[in-house]
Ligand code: NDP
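Only one chain is included here, represented as structure tokens and corresponding to the form predicted alone.
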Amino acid sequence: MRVVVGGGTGFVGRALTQLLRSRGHQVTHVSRQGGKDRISWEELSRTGLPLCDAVVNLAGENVLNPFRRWGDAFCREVISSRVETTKTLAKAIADAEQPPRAWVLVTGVGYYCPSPTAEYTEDSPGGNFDFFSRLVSSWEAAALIPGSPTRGVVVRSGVVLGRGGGAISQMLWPFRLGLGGPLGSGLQPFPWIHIRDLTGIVCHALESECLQGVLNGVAPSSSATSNGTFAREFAAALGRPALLPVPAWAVRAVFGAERAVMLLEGQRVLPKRTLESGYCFIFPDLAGALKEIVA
């Protein structure tokens, strides 16, 4: 297939590009600047979608960038980088003379209400109780193309774990130095997925001609993983202790109260439809995923 990928140069985008090309697909990135095997967002808006079989959008500003203060300007960037890029791609698909067969959007499990006990499947309600749930609702709504022959798939991703980027890259050195530990109480759910499984689910969605709708991008065992469990397992994988919890007030001081919710609260999410669709997880359990990452 010829696949156009928005946000293809980021952490997940690089891994997805590698996987798609290893399976014989051609990949064109949409990014800030054009070049070899890529077009710019401005070019896409002006000239339309290049001839392709599928489109994926992974674009989005890093919400948990600790160097960016949480305020109106950053909120607008976070929204625009997701919703506007999705609208741009959806419009290009709608306007294409030969529309692609598949359109895959990767969003987040922030759609579901944080809860220490509730379990969520793809059919569970959500999307209207805080900044992040409303963001995901707007993001997914931007992808809808009424009457289009292109089948749409939304993958709601958990925390993406992998080498060389994402959450692990921010936590690695404190944990290596024996300074890691749970955030806040450590009891909050920690919905996670290995990057090879997230890219695997996207690839599965592209290649499965009948698949459409929402898929939860979380590992099967992640609903039983708490933040404290993750901290202990990650420290153990590195051969270090995890004795220094980070108090909730410190997390709020660094990230701001609204953003700290993503770290201090969580959702128990089940990949029910993902498993029913025939996807077989490479890293279903946390110990195996972390062992591969720190090896």
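In case it trips you up, residue 1 is the first one in the sequence shown, and so on. Bear in mind that the values here come from a model prediction, so they are computed numbers and not experimental data.
Although not depicted, the form predicted in complex with this ligand is the subject of the following passage.
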Clash check, this ligand transplanted in the predicted bound form by site C-alpha superposition, 2.4 Å backbone/C-beta | open
Using heavy atoms only and a 4.5 Å cut-off, determine which of Ile93, Cys203, Leu211, Val160 is in contact with this ligand in the predicted bound form.
-> Val160
Position in contact with this ligand when the complex is considered in the predicted bound form, options Ser223, Gln188, Ser133, Thr85, heavy atoms within 4.5 Å | Thr85
Given that the partner is absent here, does Trp139 sit within 4.5 Å of this ligand in the predicted bound form, heavy atoms only?
-> yes
Would you please decide whether Phe281 lies within 4.5 angstroms of this ligand in the predicted bound form, comparing each non-hydrogen atom pair?
-> no
In the predicted bound form, does Leu89 have a heavy atom within 4.5 Å of this ligand?
-> no
Does Arg69 reach this ligand in the predicted bound form, with heavy atoms at most 4.5 Å apart?
-> no
Among 264-272, 28-36, 230-238, 43-51, the stretch whose residues bring a heavy atom within 4.5 Å of this ligand in the predicted bound form is 28-36
Within 4.5 Å of this ligand in the predicted bound form, which residues of 1-39 have a heavy atom? Give them in sequence order, or say none.
-> Gly7, Thr9, Gly10, Phe11, Val12, Gly13, Ser31, Arg32, Gln33
